[in-house]
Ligand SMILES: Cc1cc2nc3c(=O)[nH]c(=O)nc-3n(C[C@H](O)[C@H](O)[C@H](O)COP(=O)(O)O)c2cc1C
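Encoded as structure tokens, the following chain is the form predicted alone, with no partner shown.
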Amino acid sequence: MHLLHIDSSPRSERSHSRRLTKEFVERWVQAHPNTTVTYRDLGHHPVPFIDELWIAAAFTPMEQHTPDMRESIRLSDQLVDEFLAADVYVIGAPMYNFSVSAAFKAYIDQLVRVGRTVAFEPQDAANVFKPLVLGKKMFVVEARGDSGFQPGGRYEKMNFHDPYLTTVFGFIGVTDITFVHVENDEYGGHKLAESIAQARHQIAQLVAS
């Protein structure tokens, strides 16, 4: 089994998502000792935003790539290969302004590639896009400043984080996604402590099952 561990928080020791993804992976490896782990830190080592040359390379056949095109798409190819090699994903993705961080969005833009992670078949009018990343499992650890973003909560309509990740990863075929939420970071105290305890309990249950 191959696990890809991703952190996207710019924080270090103060990051709740980092601490919990670390605990998640440690528990997972203990329960599944045959697991190999690849780690990528997007929060401290962000990938670049896509640019015009990247777009040209992504939509040009490889045999027609110029040297500049090959260089512009090189990291994206590495990220896609790394993503496809994994069976399980453990991702730390804190909520920033109701969605994902810029660092994580930049990574996703490098990852969603026609011909690599999704097929584009315009001749099939009923199903133009076909996912290519199948049979994977994803766990997302999300830290939030407040609570109430769940369905029926007071901030439900402001939650563009979970629906976005469900949509974009589902688009390429990863539909088995479980979210672990840490809430009330802005409040601290017992509210935050209780949320962290609940998240740790959920992680232990998920690994055990």
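The numbering used is simple: start at 1 and walk along the sequence shown. On a predicted model such as this, the values are computed, not experimentally measured, just so you know.
The next section is about a form of this same protein that is not shown, the form predicted in complex with the ligand.
Not displayed here, the ligand is kept clear of Phe129 by more than 4.5 Å at the level of heavy atoms in the model of the complex. In the model of the complex, at least one heavy atom of Glu186 sits within 4.5 Å of the ligand. The closest non-hydrogen atom of Phe120 lies beyond 4.5 Å of the ligand in the model of the complex. Interface residue remark: Gly145 is counted as part of the site for the ligand in the model of the complex, having a heavy atom within 4.5 Å.
The candidate stretches are 73 to 81, 112 to 120, 131 to 139, 88 to 96, and the one lying within 4.5 Å of the ligand in the model of the complex by heavy atoms is 88 to 96. Looking at 9 to 26, the residues that come within 4.5 Å of the ligand in the model of the complex, counting any heavy atom, are Ser9, Arg11, Arg14, Ser15, His16, Ser17, Arg18.
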